[in-house]
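Take a look at this single chain in structure tokens; it is the form predicted on its own.
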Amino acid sequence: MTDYLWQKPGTCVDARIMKFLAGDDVLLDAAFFVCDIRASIAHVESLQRIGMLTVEEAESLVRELRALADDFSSGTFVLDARYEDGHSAIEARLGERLGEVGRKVHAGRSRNDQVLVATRLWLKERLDELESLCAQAAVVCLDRAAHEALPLPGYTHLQRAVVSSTAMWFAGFAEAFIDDALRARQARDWIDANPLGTAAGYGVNLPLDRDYTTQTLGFARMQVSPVYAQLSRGKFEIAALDALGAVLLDARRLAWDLSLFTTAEFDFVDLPDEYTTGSSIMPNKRNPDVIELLRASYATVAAARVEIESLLSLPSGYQRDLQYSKGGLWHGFTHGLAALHLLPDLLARMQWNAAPMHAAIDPAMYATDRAIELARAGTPFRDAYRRAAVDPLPAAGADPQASLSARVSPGGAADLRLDVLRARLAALRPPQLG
């Protein structure tokens, strides 16, 4: 492509400068391209509704836009360095196929609201995917909590603390992922605002049917102010990355547990062979690389967030700096979701080793049970605390199942309230949980 959408007659564009300006924009736009086409269809239909296009012109534009989406999906059309960006590619294709009619598509819009709406549509899909993955992980955890209650040492400060169970471990992460699913939905609902029709940030002298594009594109509301549409760029992306990061923080702690539990020193957990690798020099090694990279994945999302936040020291209105927000957003979500796609199956297939877990529960871990038992019998708790430190075994003795059965506080081992957690999960988005 020799000319750019913004190029003025008689001007010459320096190739070195254009290479710097473009960066990897056209490559990144491949992720958002179908969403950009979808928004372009809505824009064309909106122009026809206000008389800017005839019915025939709108139909031909929509037909070619749908053909472009099909060609892109099949690989027939390639978005590459021939184009400055995805937006330019759409307009170039329409011009090639439809001539003068194709060149009418950009009336009433700017590449600024084009990238906003395409990114917004893409983010809504990614947050739906995130919510679904959280729900899937929560379901696995709830199912295993309901059917497995092996004694497991509970740790604080990485020191043996009290008797816990595999059911309590799974129930804890189940509730975490349910909250994460809710946060993903809340982030999606918050960014569910249509910026199409705000143009370069100040509106246009056309009665654009923004209510129509809002409804057609499936947005919950219109982003009314063109100025705020530009102010929200980066802000909405950070909110989405925060939701993703919250899940990966929980996944990181889960992965840390499994990293410890799979060591020979603990030997509490066995992983499926597919989730491990070997050493290139040590024949004896079986490395839990998947959980280690799962543990590390939050770093990618945190870096994306910092990158975008660092761009936002800007005045109002569009600034070219914002072009760099796409890379962090794409990389953070692509890597973060890829990591989380492995989580439900990992949780379903990891296996507990009962004997080493039972052997790791020493008499001192019953001391809290003993102190509570004495307190229930009337001994002031601080006195009971001191007695249990010397004589830690309760009346049932060193019996982990008895300890777990006595843990009747809501959420404790004897009253996990899994039904409450299942109800919370079902209340989120039942159609998406299947």
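Numbers for residues come from their place in the sequence shown, where the first is 1. Note that the structure is predicted; figures quoted are calculated from it, not measured.
Same protein, other form: the form predicted in complex with a small molecule, not shown, and the subject of what follows.
For the small molecule in the predicted complex, the listed stretch (161-169, 340-348, 358-366, 317-325) containing residues with heavy atoms inside 4.5 Å is 317-325. Listed residues R126, R120, R109, H87 were compared with the small molecule in the predicted complex; H87 is the one with a heavy atom within 4.5 Å.
In terms of contact with the small molecule in the predicted complex, the residue from V301, I191, L130, V115 that brings a heavy atom within 4.5 Å is V115.
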